[in-house]
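The chain below stands alone and is given in structure tokens; this is the form predicted on its own.
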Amino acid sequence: MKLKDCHNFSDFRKLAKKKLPSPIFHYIDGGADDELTLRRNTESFNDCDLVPNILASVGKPDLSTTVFGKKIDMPIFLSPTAMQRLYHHDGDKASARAAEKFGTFYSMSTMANNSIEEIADISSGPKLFQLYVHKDNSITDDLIDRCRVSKFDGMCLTVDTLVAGNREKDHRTGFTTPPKLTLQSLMSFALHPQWVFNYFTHGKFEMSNVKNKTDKGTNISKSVIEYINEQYDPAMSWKDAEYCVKKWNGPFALKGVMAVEDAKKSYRYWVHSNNGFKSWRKAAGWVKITF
């Protein structure tokens, strides 16, 4: 199966499964615990109907929209994805170039394998950074400051990862960062020589944005679950979010809001903060929402 044979999401998934060693594929493809939420979210797309308006004199279709004050060519952008170096040796560089080519946002994970500065140097397209609040506040401050200097266009704070999800497939495969060879996984790596060759002949695996602040997860074998539980602050509160908004002082979003009441609270909280949400809303081009 080749890229030219892919015509839908299922085809791309099959190709990825063919190209990637089992531990790597299951990390990007899997979910937490029994994967009930993963299946429910996937199946929910089948419940959506698109009902077009007829005789609407569309003329030349225009899919462009504005996100974070930036006009993009389509109402889709790349979600922040950790450790892309595991899936392709060019990692985030490839994603950033692709996003720029198609006129949409590239989003960088805190756990990226390329640095904020590297991506800023190779891409002039719109860029979003996904932030975690760390137990060591200097790491959080450093990430925000570097994004500002590198002229990233927006920032989102992940609020639904106070502890890492219990990814049972990762336990079974022994998935670590960098990958750890176990008896079970060795065969799968052996059957994917091209991936192994690219992994060992390209840049060293590292979490580029935090490597100068912590060696956890960078210079030692460490599971993703352990890294998140050691580094991210489970005591994160609305005050921490407000701090990040004010320090960034630009287009900002909360990533991972799942409850309607939390969405309402987000709106009420920032409206009544000193200068947080008002400047945030103006910068992002938001409009007033009534609940």
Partner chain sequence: MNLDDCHNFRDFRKLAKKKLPSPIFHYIDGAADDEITYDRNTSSFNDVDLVPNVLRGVENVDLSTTIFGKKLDLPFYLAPTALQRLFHYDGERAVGKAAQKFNTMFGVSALATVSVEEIASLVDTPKMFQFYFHKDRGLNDSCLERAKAAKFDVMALTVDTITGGNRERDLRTGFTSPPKLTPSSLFSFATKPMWGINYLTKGKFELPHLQDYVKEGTDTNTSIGQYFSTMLDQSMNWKDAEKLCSQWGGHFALKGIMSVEDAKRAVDIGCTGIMVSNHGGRQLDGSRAPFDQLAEIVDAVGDKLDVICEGGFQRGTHMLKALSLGAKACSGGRLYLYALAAGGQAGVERAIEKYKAELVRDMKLMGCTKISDLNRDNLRFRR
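Numbering follows the first chain given and starts at 1. All of these numbers come straight from a predicted model, not from anything done at the bench.
What follows is about the form predicted in complex with the partner chain, which we do not show.
- A heavy atom within 4.5 Å of the partner chain in the predicted complex is found for exactly one of P75, G165, G203, G103: G165.
- Residue in contact with the partner chain in the predicted complex (any heavy atom within 4.5 Å), chosen from V58, A235, L63, I54: A235.
- With a 4.5 Å cutoff on heavy atoms, L36 counts as touching the partner chain in the predicted complex.
- Using a 4.5 angstroms threshold between heavy atoms, V159 counts as touching the partner chain in the predicted complex.
- Although the partner is absent here, E230 sits far enough away that none of its heavy atoms falls within 4.5 Å of the partner chain in the predicted complex.
- In the predicted complex, none of the heavy atoms of C48 sits within 4.5 Å of a heavy atom of the partner chain.
- Taken together, the three residues R40, R172 and M258 all lie with some non-hydrogen atom within 4.5 angstroms of the partner chain in the predicted complex.
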